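Consider the single chain below, provided in structure tokens and representing the form predicted alone.
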Amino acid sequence: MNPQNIFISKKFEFSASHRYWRDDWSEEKNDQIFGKCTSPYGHGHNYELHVTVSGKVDPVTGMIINLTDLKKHVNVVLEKFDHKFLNLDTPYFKSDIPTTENIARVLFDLIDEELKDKGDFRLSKIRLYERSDLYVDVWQEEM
């Protein structure tokens, strides 16, 4: 059997803090909806990010992508998030609350853009773990 596409995933880690807050809501409503996540000091997580690319195996190298190259490109994106207070230190959450869902969506878009035209592969999916029991998947519509 010679599959058309192979999927390969690599794990990355970064740390960041964030705060859930809507300026257009009262303090009471923010507290009611977001609970302890409304602290003005924020709270942090050690995130685990799984990046999956797909493509055809190069017959010369036996790889879809050189994992050293994948690491370099993903780290370009993660530098914008690692050890940052996401609400204040990045432009991505000025109007969107940095929930795990929104962080994953932004990461997917940035990594997808960073990998464009870098080879005969594509970003297929990311999985972002906020904790061991909480993660979000974002993927391309056509896998």
Partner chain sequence: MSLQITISRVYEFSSAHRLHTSELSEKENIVIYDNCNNFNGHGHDYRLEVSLNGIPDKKTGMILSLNDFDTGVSNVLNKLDYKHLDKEVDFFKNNLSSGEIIVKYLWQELDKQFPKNMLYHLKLWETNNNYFECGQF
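Residue numbers count along the first chain shown, from 1. All values derive from a computational prediction rather than experimental measurement.
Keep in mind the form predicted in complex with the partner chain is missing from the figure; the text below concerns it.
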query: The partner chain contact in the model of the complex: residue 7, any heavy atom under 4.5 Å; finding: no
query: Interface membership of residue 19, the partner chain in the model of the complex, 4.5 Å heavy atom rule; finding: no
query: Interface membership of residue 23, the partner chain in the model of the complex, 4.5 Å heavy atom rule; finding: no
query: Touches the partner chain in the model of the complex: residue 54 (any heavy atom, 4.5 Å); finding: no
query: Residues 73, 84 and 110 all lining the partner chain in the model of the complex, heavy atom within 4.5 Å; finding: no
query: Stretch in contact, per heavy atom within 4.5 angstroms of the partner chain in the model of the complex, of 84-92, 113-121, 26-34, 44-52; finding: 26-34
query: Proximity to the partner chain in the model of the complex, single hit among 58, 79, 101, 69 (heavy atom within 4.5 Å); finding: 101
query: Residues from 108-140 in contact with the partner chain (non-hydrogen atom within 4.5 Å) in the model of the complex; finding: 108, 109, 122, 132, 133, 134, 135, 136, 137, 138, 139, 140
